[in-house]
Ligand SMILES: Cc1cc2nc3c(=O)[nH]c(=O)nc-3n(C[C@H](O)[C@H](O)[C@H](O)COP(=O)(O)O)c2cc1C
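Let's start with one chain on its own, the form predicted alone, as structure tokens.
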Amino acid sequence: MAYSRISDANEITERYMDSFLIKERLIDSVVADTEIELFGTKFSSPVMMPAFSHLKEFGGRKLTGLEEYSIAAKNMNILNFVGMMENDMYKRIADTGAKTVRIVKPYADNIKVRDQMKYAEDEGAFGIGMDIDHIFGNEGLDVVVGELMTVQTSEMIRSYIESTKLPFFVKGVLSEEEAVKCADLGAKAIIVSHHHGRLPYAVPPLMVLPSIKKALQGRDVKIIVDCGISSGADVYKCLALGADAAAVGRAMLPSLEEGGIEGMEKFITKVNNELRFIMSCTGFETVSQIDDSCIVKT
């Protein structure tokens, strides 16, 4: 069979994730508990919502997809993320009551960056952060929905972190060096991600995750993984390789589009139930106990 080159980071990521198999340990095991604690708050699961942007109203319903999945997050007691939006849209998210982290784009308009972060904090956000993997585009600096992005220096990131009392999340970390830099700057969490394959041949998050975990050993930085997370097994593999939590992504969109809030609750319940089942079958009673002793790389 002829060798075929694959530059699509999403396909590379999917293949790598599927290369891990799971061993069973059943004797003396118990029904697992998926509850976690993050920054002093208890959540029902390490499964988290993605930081989506610009979702419209589906099926003629009154609420946008962003609001619907935020309400589902509140009802399921899981951490919610949202991405690029103006403050009036964020207010609608805040009004859902979901514990939400607002991920702000690296706008060239630095006043806008700071305004959006402060607005989120004033509206009771759980955390704020920045999506650093949208700095560059194919022709130089990226332009997202007509908005110019710009380079973010260490000094700029540190100033955002120091300007808030909230946990600060850096999204788009894909190397040990960047993870350490985020910790040095004072970030409380990183999201290991290639943003649905923006970088050709991007390393799969799970491939670099163990070395990131090792590089951050002894540092008080939470590690979240996204990209291609669609099942409880995927979440389990992330946790086993060193993550504290994992965010589902595009796999949830059909459930959201077709079923709205109820569809999202069913989807998250299915993912979490599979996670609990695998934890129980591998002898892990709590999320914090999970390690790589029951996964095998093929």
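In this text, residue numbers run from 1 along the sequence as written. Every value quoted in this text rests on a predicted model; they were computed, and no experiment measured them.
Below: the form predicted in complex with the named molecule, not depicted.
J.: Taking the shortest heavy atom distance, is residue 272 within 4.5 Å of the named molecule in the predicted bound form?
T.: So residue 272 does not count as contacting the named molecule.
J.: Closest heavy atom of residue 161 to the named molecule in the predicted bound form, within 4.5 Å or not?
T.: No, residue 161 is distant from the partner.
J.: Test of understanding: in the predicted bound form, would residue 249 fall inside 4.5 Å of the named molecule by heavy atoms?
T.: Contact with the named molecule, yes.
J.: Closest heavy atom of residue 103 to the named molecule in the predicted bound form, within 4.5 Å or not?
T.: Answer yes; at least one heavy atom of residue 103 falls within 4.5 Å of the named molecule in the predicted bound form.
J.: Given that the partner is absent here, state which listed stretch (109 to 117, 177 to 185, 76 to 84, 146 to 154) has heavy atoms within 4.5 Å of the named molecule in the predicted bound form.
T.: Result for this chain: 76 to 84.
J.: Would you give me the residues of 10 to 27 that have any heavy atom within 4.5 Å of the named molecule in the predicted bound form, in order from first to last?
T.: The one in contact is 10.
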